[in-house]
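Consider the single chain below, provided in structure tokens and representing the form predicted on its own.
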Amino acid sequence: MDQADWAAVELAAGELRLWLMEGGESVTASCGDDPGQTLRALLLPMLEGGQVMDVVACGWPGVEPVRVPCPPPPPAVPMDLDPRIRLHALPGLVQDRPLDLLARAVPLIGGHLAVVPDFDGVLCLPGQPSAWVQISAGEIVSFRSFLTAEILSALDAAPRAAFDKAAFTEGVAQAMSRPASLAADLSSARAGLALGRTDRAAAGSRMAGLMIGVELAAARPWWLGQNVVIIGDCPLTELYVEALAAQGVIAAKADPEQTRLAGMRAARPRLSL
């Protein structure tokens, strides 16, 4: 292995993903209650001799979030993790009105601004949670997050290989016109599956449409008349593209991994040593 200059880490959904930067190598491992132990186990065998490595991390616990509005925040002061690892965690974002918290969005936001520094509009970030982030003049102005993916998973309605576009589009339209009926409409979709009147693809697609539709209804101030870019690698990402297109919003897309790594690279010169 060529000696890497530094590393980037993302901690999400019980997994730790490590990139050796400028070398292109990456590795993922399950992570328990001690992400530091997992990082040490992965990284220390890769270091040469007495090499000490800087690591930029997102989603790391124990870091105070930064209040918006703000530019993408720099990494916090290094954590005492290991004599050979200087861990610089990127803080999350907190908002008071409405109260909200994002733990892992900073690399995506910073990465997009590194590539498109004059961007003015909204980033749609599908995931757990999904988020809508308003950007103007290089600053994060406001955001709103939604538990859409988590609720679909709890309903066993997360998208599968089989997908019914008509059922999805109908669900989006129904939820946007009658958001107050969401719980009842989800129950009807599940009843149709239990009674054999709809198949699993149609029922799951309809539930996904209902959930994303009610999210679009609530997030309307973030996307209506806005320049929207979608950055996500979860199974719902293409569904957000479809749902927005049905509202006449043609959203651009950015590569999530490349954007995330661009955000890590943009953060590196701002390390506190």
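Computed from a predicted structure; not experimentally measured. Note that residue numbering begins at 1 and tracks the sequence as displayed.
What follows is about the form predicted in complex with another copy of the chain, which we do not show.
How about residue 192: is it within 4.5 Å of another copy of the chain in the predicted complex, going by heavy atoms?
It does: once another copy of the chain is placed as it appears in the predicted complex, residue 192 has a heavy atom within 4.5 Å of it.
Heavy atom to heavy atom, is residue 179 within 4.5 Å of another copy of the chain in the predicted complex?
Close contact exists here: in the predicted complex, residue 179 approaches another copy of the chain to within 4.5 Å, heavy atoms only.
Residue 228 versus another copy of the chain, in the predicted complex: is there a non-hydrogen atom within 4.5 Å?
Looking in the predicted complex, residue contacts with another copy of the chain do not include residue 228, since no heavy atom lies within 4.5 Å.
Should residue 146 be counted as a contact of another copy of the chain in the predicted complex, where contact means heavy atoms within 4.5 Å?
It does: once another copy of the chain is placed as it appears in the predicted complex, residue 146 has a heavy atom within 4.5 Å of it.
Looking at 47-55, 229-237, 28-36, 206-214, which lies within 4.5 angstroms of another copy of the chain in the predicted complex, counting heavy atoms?
Contact-bearing stretch, as computed: 206-214.
Please identify the residue among 87, 122, 186, 202 with any heavy atom within 4.5 Å of another copy of the chain in the predicted complex.
Checking each option against another copy of the chain in the predicted complex, the one that comes within 4.5 Å is 186.
Go through 115, 81, 76, 94 and name the one with a heavy atom inside 4.5 Å of another copy of the chain in the predicted complex.
By the 4.5 Å criterion, the partner-contacting residue is 94.
With the distance limit set at 4.5 angstroms and only heavy atoms considered, check whether 137, 173 and 253 all reach another copy of the chain in the predicted complex.
No, because 137, 173 and 253 lack any heavy atom that approaches another copy of the chain to within 4.5 Å in the predicted complex.
What are the residues of 94-128, in order along the chain, with a heavy atom within 4.5 Å of another copy of the chain in the predicted complex?
If the 4.5 Å heavy-atom criterion is applied to another copy of the chain in the predicted complex, 94-128 yields 94, 96, 98, 99, 100, 101.
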